[in-house]
Each structure stands twice: as structure tokens, then as C-alpha cells.
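Before any questions on binding or motion, here is one chain by itself as C-alpha cells, the form predicted alone.
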Amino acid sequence: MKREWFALGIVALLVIVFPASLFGYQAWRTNSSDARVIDVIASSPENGGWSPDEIRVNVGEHVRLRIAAPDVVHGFEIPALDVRVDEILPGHVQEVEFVATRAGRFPFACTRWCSVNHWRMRGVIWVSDPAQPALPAPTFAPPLYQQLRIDIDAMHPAQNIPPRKPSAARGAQLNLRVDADFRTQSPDAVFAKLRADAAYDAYDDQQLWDAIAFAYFQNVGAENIANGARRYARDCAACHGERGDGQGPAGKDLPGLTTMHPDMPRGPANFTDASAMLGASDALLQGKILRGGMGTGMPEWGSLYTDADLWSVVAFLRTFTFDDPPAP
């Protein structure tokens, strides 16, 4: 009998006491720091999106987000606070900790393509400073397209189209200096200026376009193009297509520019369209990304991208109309 009671005691120890102590240790380890734990659920937009989609914390507060994904793979990013979780698998919980050092309103978003309505996976973290509860709202300079009074909803077709796709590699061989501010001038305007200058009479149209392609890539730099390529693949390719031709699977049913005028193209912008792209300055393209396409299904990215990120995506978009970008 004593042996039986001893055996039952061992079983109880293994089955009940040990797991309980293990779970207790895990709970103690999870809560042993001074972090405030906030549970967040990431569901596809059709299933509710982020819950909660608004989080409030204080400056200097140690926060641990426990993010669960019940349906499909999601990601999580607060760009302005440099907080990121690359992958949250269905049925799993990922944790990320941070301390907000400044007050403000900081959007967060899903970074994995979770549905055709992926772009709606947005939320916001409000960071308050208890010492200064009534901080004045920050002021920002108007975006460049507004400063230049560019109508980003209008078509700006190029008046000059190159015989073939401009090549930076061919342009590099010409040793032809091109001084241009591509943020404020479209490639078409730069070409027209060069073509009207007698100093360039010895060069044919294709050579001038090749020189413009080389000058552009030299100006923006390889690292900006690489950064833009990463963001395009993550956030844009599903609608605009991997080749930039507007044939992405998620964008086919979007109304596109037909919401502006019935004669305009339907669906996402085609970045391989030489007339549209060469007639657009970088400021115009940056404005489109920053603000989004009103009523077209194109979301705004100004709240999620830094200014540098916006310009890097524009730099990458030029690779669809200019060949041979520099390798990073």
C-alpha cells in the first residue's frame, strides 16, 4: 500500500505540481519586468483587422505588445518608433518591447500581404507626455507638390518620347553633363531644355535620353533605389504588379483614375507607360504616394513612410522607365 501511495505521489508530482510550477515560472518571467503588457489581435480586414486599432501609452513607459494572429500570417510595424515584427504565424503569439521617447500620434500597419484589403490594416498608437498633457500640435511644411502647385490628379503626358527605353549604362559612356533638379522637373522637361540648347546639337534624341537616365540614377543613388525596391515589393507590387505594369492581382478590380474622369485608365497606375512617367516630376509621384489616390483605392502612405522612404520609392519607380540602375 505504501508503495502505491508513493507511486501516486510521484505521478501527482509529474502530472500536476511540475507543470504548475513551470507555468508559474513562465508567468513570473513574462511579468518580471516593469513592462506594461498589451494584447493585440491581428486579423485580416474582413475579420475585423487590428483589435484594438488604437493604443494609448505614455512617454517613457516600458511597453510589451503581445500580438496574436488567429487567421493568416501578419506582420507589424510602427515605422516612426522603429518597432517591427516580421512574421506572426497563425495560432502563435509574438512579443515586441519598446519605450516611446516622444509624444505624438504614430500609425502602425501590417507588413505582410494578408488579404486584398491589406492596405486597410492600419492602426495608431497615441503617446502622451504626462508632464506636458497639452503639447501643441506639430507643424509641417506643405509637401513639395503643393509648394509647386502641381495638380496630382491631372494627367501630365510627356511631349517627347524616346525612340527606345533610356539606358543609364549607355548614358555613362557619353560623358555628357546634365544639370537638373528632377524633383521639380519632369524628365520630359529636362529633355526639352537640353534639346533647345545648341550645345547639345551633336547628340541625337536617344543619346540625350540616355544621358538623362544616367544623371537621374547618379543623383538618387543606389541605396535609395534598393530601399525603394524593398518597400515597393512589400506594399505596392500586389496592385501595381512586380513589373510595374499595373497588372497586380489585387488591383485589377480597382476603379483607378476613372473616378477622376471616365476617359482615364482604369486600375492601378502603369509605371511602364513612358508618356505618363516621363511627364511626371518626382514631386508629383511623391505626392501621389504621400496622399494616395482619392477614390481610386490607392491608400495614402504619408503616415507610414518617412520623407526619405517616400523619395526612395519614387527613385525605384524610375527603374520601370529607365534601364540599368546602379547596383547597391
Partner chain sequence: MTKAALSYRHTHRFGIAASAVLLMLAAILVPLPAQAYTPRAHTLQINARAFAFEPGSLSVRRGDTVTLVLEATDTVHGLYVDGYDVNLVAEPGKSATATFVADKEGKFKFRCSVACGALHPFMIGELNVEPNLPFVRALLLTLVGGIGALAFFWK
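Remember, predicted model here, so these are calculated numbers, not experimental data. Positions refer to the first chain, counted from 1.
There is also a form predicted together with the partner chain; it is not shown, and the following applies to it.
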Q) Taking the partner as it appears in the predicted complex, which of 119 to 127, 157 to 165, 230 to 238, 192 to 200 has residues with heavy atoms within 4.5 Å of the partner chain? A) 230 to 238
Q | Heavy atom distance at most 4.5 Å to the partner chain in the predicted complex, all of 151, 270 and 275 | A | no
Q: State yes or no: in the predicted complex, is some non-hydrogen atom of residue 133 no more than 4.5 angstroms from a non-hydrogen atom of the partner chain?
A: no
Q) Any of the heavy atoms of residue 90 lying within 4.5 Å of the partner chain in the predicted complex? A) yes
(Q) Using a 4.5 angstroms cut-off on non-hydrogen atoms, would residue 242 count as touching the partner chain in the predicted complex? (A) yes
Q) Taking heavy atoms only, is residue 185 within 4.5 angstroms of the partner chain in the predicted complex? A) no
Q.
Which residue, 103, 81, 73, 172, is the contact with the partner chain in the predicted complex, using a 4.5 Å heavy atom cutoff?
A. 73
Q) Which pick from 146, 206, 115, 219 sits with a heavy atom within 4.5 Å of the partner chain in the predicted complex? A) 115
